[in-house]
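As structure tokens, one chain now follows by itself in the form predicted alone.
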Amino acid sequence: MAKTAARQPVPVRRADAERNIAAILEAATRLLSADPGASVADIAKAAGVGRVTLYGHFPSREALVDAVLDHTVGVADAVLEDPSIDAAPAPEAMEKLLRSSWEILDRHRRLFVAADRVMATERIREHHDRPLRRVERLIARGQRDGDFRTDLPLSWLVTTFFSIIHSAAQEREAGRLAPENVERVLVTTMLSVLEQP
């Protein structure tokens, strides 16, 4: 008879640990979205926990920012789930997606500044995999329908979308792009990149 290895129990977090994590993520999102340089001590205080508790869940500033970014992008992705995007002609759907994406990103643009300071660009991009799949489907549909160019690789056009929208956040934060111009600049730039040559 073969012996089977004893199953290791999956550790379950205590309810107070779950509450602490939720409070830390909420406080970090709020503070980093207002000030990318907010300290870990300030975040712990705003969350109502000690620094030791915060570091018990997030061993470094990078780990904390990574978790906050993951949480924020997840919430944004849920907000961007809009069936009308799949029904509208691709150029119109792209404009709508850009405008709604910018609305969310603008609220959290300073969080992305904080992420840029402590995380590799590729790691930041990984957090956007799910929302970027929506962009990829939309661009592919536009290519099939003859609305978008096909002479450039689909993956490059998706990367361009990611780069343009995040560059807009950086330019807005630096004061080089006026708030009232961002949506128009984003839509004009991206649609000009996608249009048939």
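What you are looking at is a predicted structure, and each value in this text was computed from that prediction instead of being measured. When you see a residue number, it is the position in the sequence shown, counting from 1.
What comes next is about the form predicted in complex with a further copy of the same chain, which is not displayed.
Between a further copy of the same chain and the residues 144, 133, 57, 149, the one pair within 4.5 Å by heavy atoms in the predicted bound form involves 149.
Every residue of the trio 168, 184 and 192 has some heavy atom no more than 4.5 Å from a further copy of the same chain in the predicted bound form. Judged by heavy atoms within 4.5 Å of a further copy of the same chain in the predicted bound form, the contact stretch among the candidates 153-161, 49-57, 34-42, 64-72 is 153-161. a further copy of the same chain in the predicted bound form comes within 4.5 Å of a heavy atom belonging to residue 177. Using a 4.5 Å cut-off on any heavy atom, none of the residues of 49-83 reaches a further copy of the same chain in the predicted bound form. Relative to the shown form, the Cα atoms of residue 185 and residue 113 move apart by 3 Å or more in the predicted bound form. CA of residue 113 to CA of residue 155: closer by 3 Å or more in the predicted bound form than in the shown form.
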